[in-house]
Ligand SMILES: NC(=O)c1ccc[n+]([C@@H]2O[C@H](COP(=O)([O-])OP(=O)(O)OC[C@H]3O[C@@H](n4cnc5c(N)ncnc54)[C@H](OP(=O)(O)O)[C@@H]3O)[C@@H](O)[C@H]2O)c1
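Listed next as structure tokens is one chain, alone, in the form predicted alone.
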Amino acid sequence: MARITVLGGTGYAGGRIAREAVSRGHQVTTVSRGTPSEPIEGAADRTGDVTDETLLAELLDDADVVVNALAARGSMVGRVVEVSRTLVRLAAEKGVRLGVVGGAGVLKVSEDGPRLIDTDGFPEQARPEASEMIEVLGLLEDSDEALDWFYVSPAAGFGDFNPGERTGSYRIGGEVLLTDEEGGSDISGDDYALAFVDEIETPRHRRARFGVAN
């Protein structure tokens, strides 16, 4: 059993990761700005401002793994990088593994092609959030070797607009966006959470990023 703290634990990805981890018997704490409207049975809830370094330090003292599932939206636009910078430092100091819910925008569309964010069809409304998550990846890659981190990029069609269904399986890729035979790129929220918690339980990627898709 691992002690897992999920920042953004009431969001689309964070909530699913927390539920998956609870279902496997892990000790899970979700952290959000307000009291969750639908608490996750079996998880402890903490409310607070994740930009507060004192709170982050306290949370990491009680964790084996911290999940950064913060979304750069609303009041968090421009602040996810700030929080991530603090997390990187504290996790390295305290020996806590750091997992990040990344974005698809950083993935290349082919081995020699551009990143998804640099293609003409990338949605403009998604660009600020994607750019911030690319910056977070840079912080991880530049971090001290003592920090054990992993960054999971979903398929392009990932989000509450396309929740999909749990299939119980997924594919793992590298720096290139995973697509199906028709060129689609999707993963359900539950299957993304499955892949994420599998990585927590059986680490295969140390200081590395990877992509997942159905």
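Keep in mind it's a predicted model, so treat the numbers as computed, not measured. So that there is no doubt, residue numbering starts at 1 and follows the sequence shown.
As for the form predicted in complex with the ligand, it is not shown, yet the points below apply to it.
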Would you confirm whether the three residues 48, 70 and 104 all fall within 4.5 Å of the ligand in the predicted bound form, going by non-hydrogen atoms? yes
In the predicted bound form, does residue 93 have a heavy atom within 4.5 Å of the ligand? no
Is there any non-hydrogen atom of residue 158 lying within 4.5 Å of the ligand in the predicted bound form? yes
Would you check, heavy atoms only and a 4.5 Å threshold, whether residue 76 touches the ligand in the predicted bound form? yes
Decide whether residue 87 counts as a contact residue for the ligand in the predicted bound form under a heavy atom distance cut-off of 4.5 Å. no
